[in-house]
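A single chain comes next, written as structure tokens; it is the form predicted alone.
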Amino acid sequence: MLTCDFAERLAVASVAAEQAQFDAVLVTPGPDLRYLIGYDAVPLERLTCLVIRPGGTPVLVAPALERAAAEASPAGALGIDIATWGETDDPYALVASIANASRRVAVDDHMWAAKVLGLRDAMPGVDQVTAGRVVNEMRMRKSPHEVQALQAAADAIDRVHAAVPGLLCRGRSEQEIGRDIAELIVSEGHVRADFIIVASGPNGASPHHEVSGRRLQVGDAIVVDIGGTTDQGYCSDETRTYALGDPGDEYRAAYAALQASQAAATKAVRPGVPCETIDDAARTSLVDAGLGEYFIHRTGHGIGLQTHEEPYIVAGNVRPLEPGMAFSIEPGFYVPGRFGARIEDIVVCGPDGAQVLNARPRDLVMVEP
């Protein structure tokens, strides 16, 4: 877990909660809890809940049998109160008594429905809203230390992609290649592989294709989208497209247009530019090349403690980019029944433009059959 100033984050969250007129912000295990206090609690049926009150001391409510784990985490060094409950106690009543809410509380965006409803029943008459306007706003702007962690993750997945051409052989299945990539993701600096897409030939037309038993054939284009989580808790995500032999003139021309699309979107990144402008820059290039109807997803998503988080680079999102925002730029085209392609890098909005974290070449990599 990345060493952070969790006390400062809690203070910022408390002020933001006050400005939003929340009586309390309630955060259960997940990325928001990790971000705020560094506690990577396992989400279980027993309630663990951080209670942040404007102007008050944060309290972590936890099962008694998990007190030692909470104290051993970065949360233990913060000096926040830890209130434990026994197996026959009502943890929702305990949270309600600590929150002491009369108007409304904010629950973290990833809270299980059972926990949301349990807290609602324990605080009748108190409105519940999502806490995104507090925690998401904080997480969206990466600190220099977080950018370093994302760079380390990008370097690690770059090393995996560097080895991918050696895995692509005629007759090998997507599943076999995927297993090898999973091992590489861990050996090259991640604690786990989060996802592996190996989409060959016509399977490349499905952006979220699951690896299958299809075996590579000469002339196949192969979309490889992979990512994992490092020991610092931050994620990688990178897509490159390969070909086993020559995929043909039509495909190579379409791929050249995709390169231009990705480059245009990256060039458009700078502070103050609306997120949708980046999407439009990517989309315009593909529309001009006659591929617009085959670009069927947004241009990008934020990344950090989760692979997908805010900001989302999509039409209709007028939020202006700010320094420290980290997100993917990943245009693609997907022709049903035939082929697909995608190029994806993680970038950080810097003061003068995009800081591109991934360094692998963006050319179509043609592998000898």
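When you see a residue number, it is the position in the sequence shown, counting from 1. Everything numeric here is computed off the predicted structure, so don't read it as measured data.
The following text describes the form predicted in complex with a further copy of the same chain, which does not appear among the structures shown.
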Open item on the list: Is residue 335 near a further copy of the same chain? Define near as a heavy atom within 4.5 Å, in the predicted complex.
Closed with: no
| said: Considering non-hydrogen atoms and a 4.5 Å limit, does a further copy of the same chain approach residue 318 in the predicted complex? | reply: no
Point to revise | Interface membership of residue 120, a further copy of the same chain in the predicted complex, 4.5 Å heavy atom rule | key: yes
_Even though the partner isn't displayed, in the predicted complex is residue 208 close enough to a further copy of the same chain, meaning a heavy atom within 4.5 Å?_
yes
For a further copy of the same chain in the predicted complex, the stretch among 219-227, 164-172, 239-247, 67-75 with residues bearing a heavy atom within 4.5 Å is 67-75
As a check of understanding, the residue in 288, 176, 109, 158 with any heavy atom within 4.5 Å of a further copy of the same chain in the predicted complex should be identified as 109
Checked 273, 82, 152, 296 for heavy atoms within 4.5 Å of a further copy of the same chain in the predicted complex; positive is 296
Of the residues spanning 123-138, the ones with some heavy atom within 4.5 Å of a further copy of the same chain in the predicted complex are 127, 128, 129, 130
